[in-house]
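Coming up is one lone chain in structure tokens, specifically the form predicted alone.
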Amino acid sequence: MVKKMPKTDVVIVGVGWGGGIIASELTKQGLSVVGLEKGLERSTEDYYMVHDELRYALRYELFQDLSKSTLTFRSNEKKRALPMRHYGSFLMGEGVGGAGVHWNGQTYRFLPYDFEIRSQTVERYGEKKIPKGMTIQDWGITYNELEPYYDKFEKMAGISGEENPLGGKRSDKYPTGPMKHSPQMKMFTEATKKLGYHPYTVPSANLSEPYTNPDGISRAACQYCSFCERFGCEYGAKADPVVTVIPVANKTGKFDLRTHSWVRRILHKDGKATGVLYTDLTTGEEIEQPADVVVITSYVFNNTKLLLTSKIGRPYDPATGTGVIGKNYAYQVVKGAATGFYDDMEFNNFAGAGALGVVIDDFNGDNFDHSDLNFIHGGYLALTQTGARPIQNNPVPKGTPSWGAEFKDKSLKYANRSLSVGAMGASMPFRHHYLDLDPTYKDTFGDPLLRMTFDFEDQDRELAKFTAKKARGILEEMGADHVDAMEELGPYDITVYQSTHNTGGVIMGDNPDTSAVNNYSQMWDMDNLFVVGASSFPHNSGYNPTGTVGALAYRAAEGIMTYSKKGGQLV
């Protein structure tokens, strides 16, 4: 029999950045909140003396167990989707803090162009600029409306940075100053200035100095240890939910955090969510948690899967273009990069931090003229020094044999004589890129796996070639003796890591016919159900997504408080 728990004001599914922020904000206002997390409890003590690249970076200690739940992938509808059985293209976090524990800390704001991408593209270039099948749409919110929430997230997390000369206007400066500049970063800065570009320091959740945030949470400064992405931070210097918002929620006495709780259904009746059904993984017991408000803040794929398996919202149909749940899956184009090799210069590439670097936005968004280009949007170009750990870093020039004496000689020669300029390219949605339930494969509980249908398009290939050319030019200006740059972007490959920047599936907008949630992340079809995260992005920008996820979470928390008092649709 299903065990029924006492009703709570709010139940949250997934306790990462989104869930942690909302729990913190709601409990401070007196609401009782239950947080359900599929994985285990985490703390900074878990990472003491464990700078273990093999354990975390290659054996995926912090990530979801793919033998219990994964997703299936196909490049188009003519192919049979197969399960992702080994980690490759992206890494799905699990446990308290979610992906917020293993992220690098690069914390950008999307450009004003992003939130009004369709209207601004059409206004400047006309309808013909948008390729057939591309399903871009405005978000139903502007940058100026979201800006106060960006500011709130940055002050909570203590983001270290300096103003982006080509970004949206800010209401306040970053709460802490930019990180240190290494010799490599100074070379990039000088070269890009000579080329007429506008470099600035990467905004960083790795604290540049000790900081106490508005909630009274104090954290130490970054030690530049090189173990950020795929690792938890034992210093607490990298902002994550475990060391920022979750302690605030716990302190109120209003937050009931339950780990090892696998939510399988959103329960609903007569157009209202009534709670969730989950399995306690320690006992196998099925438990019902009733709530006045249900908030889904798990990862992109699980947000979409939960709605589809719970039969909430209209599933997206690519044949007709109708429906919204699963629509506009997007990713990131990160292959437009170049590597420069130096014969007579050595660098300390091992030192670094997840968000240590210098970046330019001259070719991001619509900051440059696309009239004669076969793509829209763009991406940033950056030199980041995240730490060249020994196992996964072995740069050698193209044409080097993959084994033998020459390979060994060049591996040793260039281990500390190479620099890379990377691109974080935007990903546009297309009608035939979507998420749905797989008809064949199931998870450990017998529920369908989520199926991804996605591949790179001409839009992505043209963007990648463009950014690779710009990256090559920067490295040549930096004095590299030899530069290797990407020449062609091949098909999307789910087996090779690219980024954990998956977006879409439960997208935001101003029209229930074309979006799943409004700009408070409230479901159009069920007003006491909120779905928060990068799943609400109608497209992905040329930036890392976390800053925007955080801003939307703060806005959603405000909306939930309003709903708890007044009810009804907020928009």
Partner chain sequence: MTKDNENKTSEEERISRRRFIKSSGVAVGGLAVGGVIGGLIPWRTEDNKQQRQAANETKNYNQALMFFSQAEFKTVEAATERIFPKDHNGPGAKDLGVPFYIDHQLAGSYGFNSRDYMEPPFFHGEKEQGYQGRLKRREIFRVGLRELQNYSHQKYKKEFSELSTEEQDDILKDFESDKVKLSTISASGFFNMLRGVTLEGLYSDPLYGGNIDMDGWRMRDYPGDQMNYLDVIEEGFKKIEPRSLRDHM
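Numbering follows the first chain given and starts at 1. Here the structure is a predicted model, which is why all the values come from computation and not from measurement.
Beyond the structure shown, there is the form predicted together with its partner chain, which is absent from this document and is the topic of what follows.
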{"property": "Candidate from Thr304, Gln385, Asn328, Asn206 lying within 4.5 Å of its partner chain in the predicted complex - any heavy atom", "result": "Gln385"}
{"property": "Single option in Thr259, Asn367, Asn416, Asn213 placed near its partner chain in the predicted complex, where near means a heavy atom within 4.5 Å", "result": "Asn416"}
{"property": "Segment assignment from 273 to 281, 469 to 477, 345 to 353, 198 to 206: heavy atom within 4.5 Å of its partner chain in the predicted complex", "result": "345 to 353"}
{"property": "Site check Arg74, Ala405 and Leu449: each within 4.5 Å of its partner chain in the predicted complex by heavy atom", "result": "yes"}
{"property": "Interface membership of Pro83, its partner chain in the predicted complex, 4.5 Å heavy atom rule", "result": "yes"}
{"property": "Asn374, heavy atom within 4.5 angstroms of its partner chain in the predicted complex", "result": "no"}
{"property": "Non-hydrogen atom contact Thr70 with its partner chain in the predicted complex at 4.5 angstroms", "result": "yes"}
{"property": "Exercise: Trp524 in contact with its partner chain in the predicted complex, heavy atom 4.5 Å", "result": "no"}
{"property": "Contact set, 484 to 506 vs its partner chain in the predicted complex - heavy atom within 4.5 angstroms", "result": "Pro491, Tyr492, Asp493, Ile494, Thr495"}
